[in-house]
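Starting off, we have a lone chain in the form predicted on its own, written out as structure tokens.
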């Protein structure tokens, strides 16, 4: 955790996966030699990834992205609990889950900052280009992870404090940055990560954040800054990244970085050195020298909409979320879990029990017939949900309780299960190529290219049709008609992947959707959503209080 309260006492202890970290790191008060090799930097980077694996991170994602929206009902929706207050939008600024969402993402940011701030302490024993590339890739991954943690914060709270890479006791209190400045900070990290990283990691390196992951997240960041029909330049920028990613249009490094516009008073060689490209004066022989006109990594065909494993073997729709589908052709970035081997849980465990909890009789969230009908209608993807006493693909009787329906995206096949029930090794998909294609389609529609948008929309639907040899496609129409079809395809394709609330918020229709949902349920959950207020959550009260009001509260709270 990084917060005003934590920093006022001491710098945060940096700890990571048991497999990788063997030295305790206390903020920046470290041995000057701790970061002097790539192996030590890699250990610190592993600790940054490790935050993604924690129960706190996973729990925050489903509570805010799924439970607060209209795709599920919760087992804990009474107003006496923090969870019930959260999903009813009747919470206080001291709500436990709001505080945990803030803290776990700042914990990730702090660890990423440790890598980024100390990268220049690394001493190379060789001038080989490959040695610079290895350090550059560590730095690029740290930038991606920092951007991911900040993105979680900005879409939850609005503009947030940008923590300095080097923390100083005399400067513990940092005011909130504006929404625009927070997004600009995230964008810069992602644009730099794209030019620093390979298009995709495979084999033993699978699971590392790649240029593809950075580009996909950048597209989402751009989309969240725009609004439907607002004519924002962010839609145009999103379409340009989509054309680069999906259509294979070449993009030069200067265009990706927006150089020199975003790098006032900074020359190209200084940027290269800061990002750990081999300095020009050390280049020899065939060593490449990246200029502003150097092409960015080629992403075309690095990923696919088709249901293919990491080894290009056919898999089913649901298998893309199981062991058979880990690092499959449609998966761009996933949180990697591995059974710890002794059943331990929480931060010392590489595995997670989150899917074991969600796909069980005691699941925290579930759907019902009405919800499933509203999401899917007759779409074949509804068959990948399971109700009471239905059988899973491996013929297991679910017995999840009458009236409850669970998504097979949460299921762990029998053959994939660990020895210990609370120690699941099932990876969680964070960014998928289908999202890239549908974001690209939405951007094309927003900039007046409806025919091209329809083509991208149907490219995903065509692959879905192969599940049952269907031929149903979306049809053309005006801007609003096509936009609604894209949104519907998003709702179906990404149902139960913990992003629904944020999607309807950025679409500007959270109040409408949640009011409709509330009127269909006896406890009226969602009815108290206040438009213009609840699109973001309050800053945790401890942060406001301990900063003496320097960290300001969101309007309406």
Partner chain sequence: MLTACDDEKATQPTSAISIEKNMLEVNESMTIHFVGNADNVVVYPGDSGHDYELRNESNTGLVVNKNLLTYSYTTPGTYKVVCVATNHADEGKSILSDTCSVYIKVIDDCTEIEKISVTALYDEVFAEKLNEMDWLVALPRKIKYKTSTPSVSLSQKVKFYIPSTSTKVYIDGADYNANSKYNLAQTHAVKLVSNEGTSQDYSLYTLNYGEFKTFKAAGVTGKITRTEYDYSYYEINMEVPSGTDLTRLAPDFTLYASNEKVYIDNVEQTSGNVVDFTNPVKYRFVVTSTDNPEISVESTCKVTISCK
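Positions refer to the first chain, counted from 1. All figures in this text were calculated on a predicted structure; none of them were measured in a lab.
From this point on, the text means the form predicted in complex with the partner chain, which you will not see here.
Q: Let me know the one among 464, 302, 454, 371 whose heavy atoms come within 4.5 Å of the partner chain in the predicted bound form, would you?
A: The option sitting close enough to the partner is 454.
Q: Pick from 393, 288, 476, 248: which has a non-hydrogen atom within 4.5 Å of the partner chain in the predicted bound form?
A: Contact with the partner chain in the predicted bound form is made by 476 alone.
Q: Any idea which of 308 to 316, 147 to 155, 476 to 484, 406 to 414 reaches within 4.5 Å of the partner chain in the predicted bound form, heavy atoms considered?
A: Going through the listed ranges, the match is 476 to 484.
Q: Taking heavy atoms only, is residue 512 within 4.5 angstroms of the partner chain in the predicted bound form?
A: Close contact exists here: in the predicted bound form, residue 512 approaches the partner chain to within 4.5 Å, heavy atoms only.
Q: Does the partner chain come within 4.5 Å of any heavy atom of residue 531 in the predicted bound form?
A: Yes, residue 531 lies within 4.5 Å of the partner chain in the predicted bound form.
Q: Can you tell me if residue 283 lies within 4.5 angstroms of the partner chain in the predicted bound form, counting non-hydrogen atoms only?
A: It does not: once the partner chain is placed as it appears in the predicted bound form, residue 283 has no heavy atom within 4.5 Å of it.
Q: Residue 536: heavy atom within 4.5 Å of the partner chain in the predicted bound form?
A: Result no; residue 536 lies far from the partner chain in the predicted bound form.
Q: Scan 270 to 302 and note down the residues that get a heavy atom within 4.5 Å of the partner chain in the predicted bound form; none is a fine answer too.
A: Contacts from 270 to 302: none.
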